[in-house]
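We begin with a single chain expressed as structure tokens, specifically the form predicted alone.
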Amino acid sequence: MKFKINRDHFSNGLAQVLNVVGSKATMPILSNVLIEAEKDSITLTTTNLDLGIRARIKADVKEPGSVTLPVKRLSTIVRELPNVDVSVDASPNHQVKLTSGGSTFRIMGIGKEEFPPLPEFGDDRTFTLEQAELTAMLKSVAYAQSSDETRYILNGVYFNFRDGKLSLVATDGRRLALVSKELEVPEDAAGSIILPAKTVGELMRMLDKGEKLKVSFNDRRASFQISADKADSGLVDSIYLYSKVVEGNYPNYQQVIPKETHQRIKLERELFLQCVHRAALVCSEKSNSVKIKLTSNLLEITAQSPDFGEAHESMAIAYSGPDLQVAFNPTFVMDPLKALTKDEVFFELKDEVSPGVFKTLESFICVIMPVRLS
């Protein structure tokens, strides 16, 4: 195998596939990146058996071939090379020579035959989505995923393709976020998957490369084919992300969403976020709640803790309902406000023991459980 490649393109490609490799790989080969050279490009592949990524980059290939090299070490070396032109030459015993300017490295690799291949998909359900749209949808729910290992079903984002729409849901049992968009879903293609949190993170990191992506899935795995924008094509041509899905049945999230809330107020998202953020500065681990009080045309936010003291914020709102006071974990209030981009949000409340609900006009809902007022 012999090829020439631009250092920055090589470095960028390695950065795309690096995250998948854990610090404690179960087999030495899983710490390596598989490099395959053919025609006018190389592909870089890494996997931890649950998640795999393949990126394709343009290169000047002199002799096709393949080898696997320790990805973290290789990535560091490539980034530090003195010259933008890099030559890579692999010998039959899997030793690779890297040359750039006055620098030469020889790195020991392992043959391709030991590397576990990424599964290719057959007759799976497939949909095409806009990258920007999916990014916005993932951002608006991902913060609500659970990190509690014992409730593994909730350690991810639920994708539901049916009834003419795609819905994304995440919940940790104390809050739930749901966003949906209209999508043509043929009856035989309807279905759902739970995408693990690590995969969600990787997907969000990769989704600004171009316009469209293709998602395919069956009961055990999902794949995302991300085509890069041709304007950036020097960097990474296309990325293929493969992931196992969380197996099991997602809880019925519809029954968590309150059928009726009594009071609805329109809020300036940024202003409300800043007020809650400032009030939360006096919270402590023991007293981690902010009180939201509604009176005629006024919203007040207070927080206090015996260690630090108290904070009081107020903002004018259009409200003519009864006086109402309810307390929430400030993080639960701030997360959806940070994730949204619209200027206005609606906040719905019923009483001090019922959940609060954030909504936008774009079919987004976030339900948060209140903190008991002592």
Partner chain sequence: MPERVPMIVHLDADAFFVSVELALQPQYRGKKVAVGGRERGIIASASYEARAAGVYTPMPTARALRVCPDLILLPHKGNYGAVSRRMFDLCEELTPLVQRNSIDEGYLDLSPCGLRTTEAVVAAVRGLQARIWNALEIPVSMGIASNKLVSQIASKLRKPRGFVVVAPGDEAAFLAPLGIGKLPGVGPKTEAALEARGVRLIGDVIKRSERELESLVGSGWRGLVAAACGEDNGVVETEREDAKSYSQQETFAKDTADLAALERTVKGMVDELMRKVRADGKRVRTATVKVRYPDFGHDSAGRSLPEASDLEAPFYPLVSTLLRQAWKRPGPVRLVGVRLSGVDDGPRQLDLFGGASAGVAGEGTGLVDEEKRRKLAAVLDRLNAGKDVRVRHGHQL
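As the structure is a prediction and not an experimental result, all values here were calculated from the model. Numbering follows the first chain given and starts at 1.
From this point on, the text means the form predicted in complex with its partner chain, which you will not see here.
Among the candidate residues E182, E260, D148, D188, which is the single one with a non-hydrogen atom no more than 4.5 Å from its partner chain in the predicted complex?
Exactly one listed residue reaches within 4.5 Å, namely D148.
In the predicted complex, the one of I153, A197, L129, L271 near its partner chain [non-hydrogen atom within 4.5 angstroms]
Contact with its partner chain in the predicted complex is made by I153 alone.
Out of 72-80, 249-257, 198-206, 133-141, where are the residues with a heavy atom within 4.5 Å of its partner chain in the predicted complex?
Partner-contacting stretch among the options: 249-257.
Counting only non-hydrogen atoms and a 4.5 angstroms cut-off, does S100 reach its partner chain in the predicted complex?
No - in the predicted complex, heavy atoms of S100 and its partner chain never come within 4.5 Å of each other.
Hey, in the predicted complex, is R174 touching its partner chain, heavy atoms inside 4.5 Å?
Output for R174 is yes: heavy atoms within 4.5 Å of its partner chain.
Contact of S223 with its partner chain in the predicted complex (heavy atom, 4.5 Å)
The answer is no: S223 has no heavy atom within 4.5 Å of its partner chain.
4.5 Å heavy atom contact, F332 and its partner chain in the predicted complex
Residue-level check for F332: yes, a contact with its partner chain.
Within 4.5 Å of its partner chain in the predicted complex: all of L18, G22 and T47, by heavy atom?
The answer is no: none of the three residues contacts the partner (heavy atom, 4.5 Å cut-off).
Out of 296-323, which residues reach within 4.5 Å of its partner chain in the predicted complex, heavy atoms considered?
Not one residue comes within 4.5 Å of the partner.
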